[in-house]
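The chain that follows stands alone, in the form predicted on its own, written as structure tokens.
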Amino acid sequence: MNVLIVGSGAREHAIARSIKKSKIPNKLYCFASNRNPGIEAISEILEIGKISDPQTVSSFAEKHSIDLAIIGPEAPLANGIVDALLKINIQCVGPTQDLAQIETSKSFTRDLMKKYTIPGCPQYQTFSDLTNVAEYLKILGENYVVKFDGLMGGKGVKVSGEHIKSHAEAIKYCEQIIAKNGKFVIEEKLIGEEFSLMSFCDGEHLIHMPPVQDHKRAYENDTGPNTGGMGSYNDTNQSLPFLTNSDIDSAKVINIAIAKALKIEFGVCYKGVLYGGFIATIDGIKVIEYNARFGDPEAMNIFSLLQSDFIEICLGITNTTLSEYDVTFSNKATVCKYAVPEGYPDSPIKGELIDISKVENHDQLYFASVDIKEDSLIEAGSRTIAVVGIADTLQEAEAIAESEMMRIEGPLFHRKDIGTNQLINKRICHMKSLRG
């Protein structure tokens, strides 16, 4: 098989490795936004181009007789890459442009949940101007969230008490969105602990992956601006320390309901990864958002655990035969940590050298926003390199990830607290206090 990956970050590096492990003979091709040396080393061709341009991606796929395409980031999905590839009979792991609205439009997702009475939807309202914004903020009081109704790389959400200190500041942010001809959603702030539950989906059947907790804030103790994700972890037994089995079951039920609603709404199957961003609250499991692809960094945790053949899973998705596969994950804990450039996310430095020569296990090293200059690795401006620790306990996995991270040299920083006992106990105590 000729397999195409669209995208070239750490998530795509993890996907690429999993493809090359398949027992199905394959040649890997990558249409990339930057030169990822990890993907390039195992690909027939890595070509840099406009990964969100349907015609460019289609031409590359036709030229190399691609049989199966896996779309990594959200922007190509939003621009209809899958629609273009399906027109030339190339099967895709990733939803069409219409179905990808589950990620690309916050209002679409909330309206879908409301229309089909899907549990977990907070109180919300959608706006395109300032009419009634002040009145709605008064209704929500001091617990509210303002969300740009589109893609912002995880940075378009402003939470009261964290990013916004007053209604006046909230209205100012709304004005900034309106100035860019944008819509926004204002919804109640949910109090609890967040987690990601991703499911392989062929439109008829879902296979759920282990839940993972991501860390969006840039600095330790969950402070600083939102980022694309500074790291993530999962625990053994396909759970997280602060969740109950009932919590996870509720999230699975919601993912199933979303897939069914999308099929009814558009008359076609959602084929790809359905990624629910959930929060465990005193009132049960609620939905923060949905994504239409693998999470990044969560993909590194999941692919470190996946025991089944990934290409077989992809074929199950594209052929609507996912129910025939027994997908298994190893019973391990994983901790993923990202090294990011100094100044990230607001003013990251670029072009500086990185040295990974002291890293011991390169198999658990994932390249993200990097480039090659005179045979040296340099920072390209966003999250740079991820490392994953895998072990029988979270404590051991965290120690492995931290040890490897400290061997990477360059003007970088990372969150040392991800996966530590201190931070996890904080999560557990928080949920206990909420639930009494």
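Start at 1 with the first residue shown and count on from there. Computed from a predicted structure; not experimentally measured.
Although it is not shown, the form predicted in complex with a small molecule is what the next lines describe.
> For the chain seen here without its partner, which of 130-138, 265-273, 184-192, 315-323 has a heavy atom within 4.5 Å of the small molecule in the predicted bound form?
Going through the listed ranges, the match is 184-192.
> Does the small molecule come within 4.5 Å of any heavy atom of V159 in the predicted bound form?
Although the small molecule is absent here, V159 would touch it in the predicted bound form, with heavy atoms inside 4.5 Å.
> Wondering, does K216 line up within 4.5 Å of the small molecule in the predicted bound form on heavy atoms?
Residue-level check for K216: yes, a contact with the small molecule.
> Is E289 one of the residues lying within 4.5 Å of the small molecule in the predicted bound form, judged by heavy atom distances?
It does: once the small molecule is placed as it appears in the predicted bound form, E289 has a heavy atom within 4.5 Å of it.
> With the partner left out here, check for me: in the predicted bound form, does some heavy atom of K106 sit within 4.5 Å of the small molecule?
Heavy-atom contact with the small molecule at 4.5 Å: present for K106.
> Only one of H208, H205, K147, K332 has a non-hydrogen atom within 4.5 angstroms of the small molecule in the predicted bound form; which is it?
None of the other options qualify; the answer is K147.
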